[in-house]
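As structure tokens, one chain now follows by itself in the form predicted alone.
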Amino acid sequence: MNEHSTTAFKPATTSADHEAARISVARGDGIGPEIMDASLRVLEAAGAKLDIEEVELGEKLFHAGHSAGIAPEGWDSLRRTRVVFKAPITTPQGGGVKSLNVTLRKSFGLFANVRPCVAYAPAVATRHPGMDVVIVRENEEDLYAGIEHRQTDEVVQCLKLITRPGCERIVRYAFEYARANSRRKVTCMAKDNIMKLTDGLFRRVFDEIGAEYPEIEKEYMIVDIGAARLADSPEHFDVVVTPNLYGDILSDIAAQITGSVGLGASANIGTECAMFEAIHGSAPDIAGQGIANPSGLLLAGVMMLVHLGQGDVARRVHNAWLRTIEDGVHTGDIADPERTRRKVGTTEFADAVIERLGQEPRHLPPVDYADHAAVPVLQAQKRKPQQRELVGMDVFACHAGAVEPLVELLKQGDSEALELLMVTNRGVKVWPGGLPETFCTDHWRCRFQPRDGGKVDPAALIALLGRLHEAGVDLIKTENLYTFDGEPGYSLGQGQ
């Protein structure tokens, strides 16, 4: 195996001012322009050295015919600066448009989504005053690959893609994040008891890589009980690493139980680019009213400053923000009679933070980014390819009705080399030996493998498809079955 390659990119700077970091700023939709204005005022007042390029993203461009919500000049800006500070955007409902966040994450390789979820008791009401959890979510793969097909009248599919390099990158990042931030434990959450190949790979990689960090405690949880424990006892967790979909859900749960999703910030990190944003949406119902909480975006700005190497400014902003909420200066979403001394709007909240620059909280723990170590981005190791052998094919067919007439047609595909071994419906075996109570749709998986259990000549599979077509089987897709170093690379399909 090769040694890991480490990337610690620096954002581009302007030729006129090498101290100022060039960033792209997207003001977004809904409440976006209001909270971005407030956040930038605080960063500027704190002494942030930023050379800003304004970039248009979101609803206006969707309606102008840009299906991803970004125009060519926007792509040019993001590629120039490689750092994006983005307010929430509105994605129009209906077909024909793509998620801008997903597009940006995939296009720029922003594989790691990092969401600190911290409780600020007693300043902000929460049932979990000791909570301090960081969710590290894989950002590019899983069901968010967005590869979907309608295959029959009754069945659609979404492909879940998990890669070893993708697992290695995100798991290593989680451990490196824990190491750089003096975190004690990394918990992996997935569902490998059901999805034994995809989530099973994620867990195996976690176990392999975790062994390289002996000073950090390792833990694995099935995601369903893990989510329940996170909601009930978040103090049990420190850093949580998880595939894409689970991470999306878990990070919103974690942010909400801190006291408000409105306080949540996130960083999207890649080898060449980074994007910083609040985790909440554009809230068009309160846009223009001056009441939105800018805290999530402002704290994303803090994460951005740390990333840019301006940790001293990040410290000033973060501590002033902590002092502000500790002093009971709250926007409406976190205001309550016991803790709030002054209820303010977006602009007034930013003013209050600016007034407290240079101060530290009196009760909440102050932050200090002076010695903050950059989290290295470690690439996946190159591995020797395993020996791959073709051992059969799953043929998917559309058939309305009972399984027996379908089997009669499928049997016409049998030959001296191949035979029908199994038919499943929605992953449950229905032939041979199926149960009459099993509910079936019009979507069937039909497994053909060699009679002698050996390898398959690809020509035999092509001939099989020809015989099935002649027999009148309505073929909708195929999946080749392979072994890797002798181990099956496919599920048995016996149901749960």
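From 1 onward, residues are counted along the sequence shown. Just so we're on the same page, rigid core means the largest C-alpha set that superposes within 1.5 Å between forms. Keep in mind the model is a prediction, meaning the values are calculated, not measured.
The same protein also exists as the form predicted together with nicotinamide-adenine-dinucleotide (NAD); that form is not shown, yet it is the one meant from here on.
- Although the partner is absent from the chain shown here, I279, S282 and D285 each have a heavy atom within 4.5 Å of nicotinamide-adenine-dinucleotide (NAD) in the predicted complex.
- The contact residue chosen from Q256, Q379, T91, S107 relative to nicotinamide-adenine-dinucleotide (NAD) in the predicted complex is T91, the criterion being a non-hydrogen atom within 4.5 angstroms.
- Only one of E168, D132, D327, D333 lies close to nicotinamide-adenine-dinucleotide (NAD) in the predicted complex, with a heavy atom inside 4.5 Å, and it is D333.
- Partner contact region in the predicted complex: 82-90, out of 192-200, 82-90, 175-183, 123-131, criterion any non-hydrogen atom within 4.5 Å of nicotinamide-adenine-dinucleotide (NAD).
- At a distance threshold of 4.5 angstroms between non-hydrogen atoms, I31 is in contact with nicotinamide-adenine-dinucleotide (NAD) in the predicted complex.
- Though the partner is left out of this view, V302 does not reach within 4.5 Å of nicotinamide-adenine-dinucleotide (NAD) in the predicted complex, counting heavy atoms only.
- When nicotinamide-adenine-dinucleotide (NAD) is considered in the predicted complex, N293 lines it closely, a heavy atom lying within 4.5 Å.
- None of the heavy atoms of Q359 is located within 4.5 Å of nicotinamide-adenine-dinucleotide (NAD) in the predicted complex.
- Looking at 178-200, no residue comes within 4.5 Å of nicotinamide-adenine-dinucleotide (NAD) in the predicted complex, counting any heavy atom.
- Core-superposed comparison between the shown form and the other one: the Cα of M189 travels less than 2 Å.
- Fitting the two forms on the rigid core leaves the C-alpha of I170 displaced by under 2 angstroms between the shown form and the other one.
- D394 is not among the residues whose C-alpha shifts by 2 Å or more between the shown form and the other one once the rigid core is aligned; its shift stays under 2 Å.
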